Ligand code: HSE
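Read the single chain below, which is given as structure tokens and is the form predicted on its own.
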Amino acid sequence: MKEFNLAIIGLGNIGLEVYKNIKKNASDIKKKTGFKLNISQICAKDIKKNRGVKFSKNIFEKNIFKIINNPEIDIIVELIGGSEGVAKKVVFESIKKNKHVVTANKSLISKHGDALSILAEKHGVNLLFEAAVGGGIPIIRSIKQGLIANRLSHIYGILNGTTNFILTEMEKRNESFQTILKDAQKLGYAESNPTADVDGFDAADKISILSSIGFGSKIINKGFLVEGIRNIELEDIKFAKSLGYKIKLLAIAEKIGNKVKQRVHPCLIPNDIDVANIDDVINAVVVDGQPIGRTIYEGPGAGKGPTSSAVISDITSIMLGNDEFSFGLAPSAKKKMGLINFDNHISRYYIRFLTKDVSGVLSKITLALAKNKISIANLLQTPSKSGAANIMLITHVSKELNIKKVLRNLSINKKLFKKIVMIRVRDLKKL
């Protein structure tokens, strides 16, 4: 019987869960693949830490490069994280040593995926990263294999469980962003430094990977719009709800001709759209293609259980020889596609002005909108504390550039406009 020898580099929550589940399910893996899987070596910062697990004698190796250079190791699982430093060295050097690599490292793949896939093809090994996007949702394999007969045009969804949890709990509990963020950190849903999640960078890495796989393009990992949820307050959620909308952070990629329209930002979504009802830490991805039409994928997007499941799925895929190319096609076949100028984006827009409660403010807003050919569909004015007021409105269909001009011109007057929040509306016809 053919045996595969595995090394795990990084033994945090995910690495430990991968180890435990492989050990627990060893006989099932052998039955389903026909091969035996051995965990031969592990590299961790602290080998003496009590992890509540009994490890085989001499399984730990402090020197990463001794593992990489070990000719008996077939598969390296990198679970360190980060796009540079040790993680980058581990993946590049492992492939050069003809090792298959499995990683959950979205930032590494988003930044270096093209170069790594070329290297993997050159050395005849697999580079797989199902766990980098969607956690327990097999979205990468679904696009690469399940939808192989389709020409994809549109991929969007909720790709960050932390922000989805925060927005869900703000609405449920009627509490502020900061309060819910602290709870998310206590529950382990958000890091002590939540920047990657709440500012949209995590979702940006993921949509960069999905659009590359879906559209056959080289990875577009910069130059596109990335906005997070820090500015969203209860007033925004309540106003959206009163009009039949929910606020979600969406990652969106569309192939239009030979270009890609890619972005990450909060959206107002009608309640009757599927993704509007995806709550808590759940992720959802919607894919449009021909001839299949629309397919929707939903499941837990993070956590040690879903992530370890995706990692082990990649390991067994290597054992079975199911994957050839990292991004679903030969690296030489991937096309370089440009980004569509988002200033030309057409949408409806939600805007909230926190203003000084004085006469003439509303007329200044309507005048600025009229100058830029923007009309109002809905408007609500509510008093706030300390002599301030909230003016909330939704526009008719307008151009992104014109909206930006209005916001730029009005925001100059800091005394009058204390805060301006703008959120794009995703209507039914746009979904």
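For every residue, the number given is its place in the sequence shown, counted from 1. Computed from a prediction, not measured in an experiment: that's the story for all the values here.
The next section is about a form of this same protein that is not shown, the form predicted in complex with this ligand.
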- line: Interface check vs this ligand in the model of the complex: of Lys144, Lys334, Lys106, His100, the one with a heavy atom inside 4.5 Å is Lys106
statement: Residue within 4.5 Å of this ligand in the model of the complex by heavy atom, from Gly157, Gly301, Gly200, Gly214, is Gly301
- prompt: So in the model of the complex, does any heavy atom of Gly161 sit within 4.5 Å of this ligand?
  reply: yes
task: Report yes if any heavy atom of Lys248 sits within 4.5 Å of a heavy atom of this ligand in the model of the complex; otherwise report no.
output: no
Partner contact for Lys206 in the model of the complex: this ligand, 4.5 angstroms, heavy atom: yes
query: For the chain seen here without its partner, which of 161-169, 233-241, 270-278, 88-96 has a heavy atom within 4.5 Å of this ligand in the model of the complex?
result: 161-169
